[in-house]
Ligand SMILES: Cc1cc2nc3c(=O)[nH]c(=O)nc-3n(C[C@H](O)[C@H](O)[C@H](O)COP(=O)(O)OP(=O)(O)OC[C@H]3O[C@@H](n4cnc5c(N)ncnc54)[C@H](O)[C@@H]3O)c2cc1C
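First, one chain by itself: the form predicted alone, in structure tokens.
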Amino acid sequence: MSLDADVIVVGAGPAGSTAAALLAAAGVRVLVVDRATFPRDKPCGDYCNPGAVSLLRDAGALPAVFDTGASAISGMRVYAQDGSRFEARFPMGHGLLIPRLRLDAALLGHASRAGAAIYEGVAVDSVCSHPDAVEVGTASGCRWRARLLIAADGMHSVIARRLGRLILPAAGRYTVGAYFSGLVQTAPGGELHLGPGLYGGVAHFGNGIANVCMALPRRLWRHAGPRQTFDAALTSLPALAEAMAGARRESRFRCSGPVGFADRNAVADRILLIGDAGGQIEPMTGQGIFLALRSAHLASGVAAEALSTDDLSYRKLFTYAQRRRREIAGRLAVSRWLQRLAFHPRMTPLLVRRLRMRAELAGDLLGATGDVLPPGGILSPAYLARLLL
């Protein structure tokens, strides 16, 4: 039976579209399938950190992203439980604020211009590996065959489920957010508000428009709907509640979860899992899109090499899993460490005030979480001593 492509990419979010664009630009026949029709909205903090911006530039996609009206930001503000805050600049580069409605459409358009064939509004629900190909199918009977499958279909990945790899974070948080107008701040900026066991992220796009998203444990969500959950979380974040006193909600609430730390075996014969399909990180540090893009770069490199040698075995493709693990190990350690420090109502304000007084410590922290400085720097004894003592 003939092949429809060299590579099928299931999922057209940042990871899938970037992998498709990189492979298509290298002359690989790529077919992209997504259940959604673009542009489509998606729960997200709408934030690309400086590391993600660098990866967008490397993929040649940054002009397309800026054409959608992305807002550049030079740093972040972080608020503790008592309202104290620090504000710091990224030590290099800049971040971007852009709604996923625009970002994903821009990246998919970039993949199309690179030569990838795009099929929107098609939900893949089956996968089958053969000795010479991998096949995906839909409930309506569509079938596509290729030499390699890249699964980029999100945290609830159908491909991961079919492979028996769908492990969700047991202690994951649930998010609820919406777009608001009428906020006091009119300049682009990013904020993180820490509360008792929960946090809120704010992407100020400018002119008083912002995406406000809460992340909270399941116990605070279980007995309430989105609006009640959001309002209750807001009362725990006094600085944010004050800033939103005159705000008006401009969209429906968007919810997702569980989000948190989850790792999966991201490789099988003729199959690679990338982005959230291959594993998740707690989104508090805003590194989700960076990790999606980085996994796409790693996977496309391994895929191109495997295709050139016609060796698409688990053993050959496992190089991707090894490289991915090396890339994220330090970032996971930083994220877990920050989780432990972020929710202490007495300790966190002290650390925030110290970061406000020591600009170099705050810059190193934003550099590590912004993926432009090595993550090990803020785990070193020297850094911890300066921060904690």
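Values in this document were obtained by computation on a predicted structure and should not be read as measured data. Numbers for residues come from their place in the sequence shown, where the first is 1.
Omitted here: the form predicted together with the ligand. The next part is about that form.
Residues within 4.5 angstroms of the ligand in the predicted complex, judged by any non-hydrogen atom, belong to 252-260 and to none of the other stretches in 189-197, 311-319, 163-171, 252-260. Every member of the trio A15, F38 and Y47 reaches the ligand in the predicted complex with some non-hydrogen atom inside 4.5 Å. Although the partner is absent from this view, L23 stays clear of the ligand in the predicted complex, with no non-hydrogen atom inside 4.5 angstroms.
Contact check for P349: no non-hydrogen atom falls within 4.5 Å of the ligand in the predicted complex. Taking the partner from the other structure, the ligand in the predicted complex has a heavy atom within 4.5 Å of a heavy atom of P43. Among heavy atoms of C213, some come within 4.5 Å of the ligand in the predicted complex. Proximity to the ligand in the predicted complex, defined as a heavy atom within 4.5 Å, singles out one entry of I289, A116, A303, L149, which is I289.
This chain is displayed alone, yet in the predicted complex one of V158, L240, A268, A80 has a heavy atom within 4.5 Å of the ligand; that residue is V158. Contacts between stretch 100-135 and the ligand, counted in the predicted complex as any heavy atom lying within 4.5 Å, involve R100, D104, V122, A123, V124, listed in sequence order.
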